[in-house]
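Single chain ahead, written as structure tokens, the form predicted on its own.
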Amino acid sequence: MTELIPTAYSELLTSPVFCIPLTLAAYLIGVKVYSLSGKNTFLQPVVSGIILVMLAISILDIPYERYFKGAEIIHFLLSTATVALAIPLYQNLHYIRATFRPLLLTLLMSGIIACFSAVAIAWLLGASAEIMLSLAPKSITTPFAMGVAESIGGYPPLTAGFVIFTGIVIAVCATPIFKWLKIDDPIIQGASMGMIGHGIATARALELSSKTGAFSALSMGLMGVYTSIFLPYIVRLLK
């Protein structure tokens, strides 16, 4: 009987019964801390939530793969929740129509700079080809990025890490940079956050305003499609 207790305990810690409440609790604590701090940009709930989950699974000695499997339904719901971004897009459709051409031009240039600047820095630091190929799609949302990384010869799990890190950096640093550069146009703010910081930055953009969130969501989607189509083609040409 006593031998069964550790096994049952281990199964409980890696089951949806534990992993889903753990994830939700970490996020809610992050929201509370963010609110109490006066919405300090460095205490974004997505950042503090990730840190709390990391601490919990490290202390409880839960392998990440087993935690992810236990909380997999949240990952599925996150994908479907993306559909809700259509609401701010619809509410700001007239602004999108008016700025679509300059937005597309910016997207073309931003995609090139985002991919090749990161690869160039990695190359200068002596990174391997696989690392550079994993880094190239870092500015698009995770499902797109992992598929692109796999098709061009990168490591999809490593790419997922780069994508999350990039999104967190943009979500945390975007607002201070906008203030420093005196950029207060929600279209510019949203477009730049979505093109580089994908879904994590879009969550932050929605806090700024509906208009900022709409342009961030639109830019995130367009950048994902643009990079997914052209990056594998360009990599094949360069090989």
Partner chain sequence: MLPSLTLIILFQLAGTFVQQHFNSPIPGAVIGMILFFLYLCLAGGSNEKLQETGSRLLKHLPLLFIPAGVGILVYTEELRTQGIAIVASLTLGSLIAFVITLLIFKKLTAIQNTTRAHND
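By rigid core we mean the largest C-alpha set that fits within 1.5 Å across both forms. Positions refer to the first chain, counted from 1. Keep in mind that what you see is a predicted model, and the values were worked out from it rather than measured.
Just so you know, the form predicted in complex with the partner chain exists too; it's not on screen, but the next bit is about it.
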(message) in the model of the complex, is there a heavy atom of the partner chain that lies within 4.5 Å of any heavy atom of G153, even though the partner is absent here?
(response) no
(message) in the model of the complex, does L133 come within 4.5 Å of the partner chain, counting heavy atoms only?
(response) no
(request) Report yes if any heavy atom of I177 sits within 4.5 Å of a heavy atom of the partner chain in the model of the complex; otherwise report no. (result) yes
(message) Contact with the partner chain in the model of the complex for I183, defined as at least one heavy atom pair within 4.5 Å: yes or no?
(response) yes
(request) Give, in sequence order, every residue of 221 to 239 that has a heavy atom within 4.5 Å of the partner chain in the model of the complex, or say none if there are no such residues. (result) V225, S228, I229, P232, Y233, R236
(request) Return yes or no for L22: a CA shift of at least 2 Å between this form and the one not shown, with the rigid core superposed? (result) yes
(request) Verify the C-alpha shift of S209 between this form and the one not shown: is it 2 Å or more after superposing the core? (result) no
(request) Would you mind telling me if V169 and I73 are closer or farther apart in the model of the complex than in the shown form, C-alpha to C-alpha, with a 3 Å or larger change? (result) farther
(message) Quick one: with a 3 Å or larger change, is the K69 to V163 CA distance smaller or larger in the model of the complex? Answer closer or farther.
(response) farther
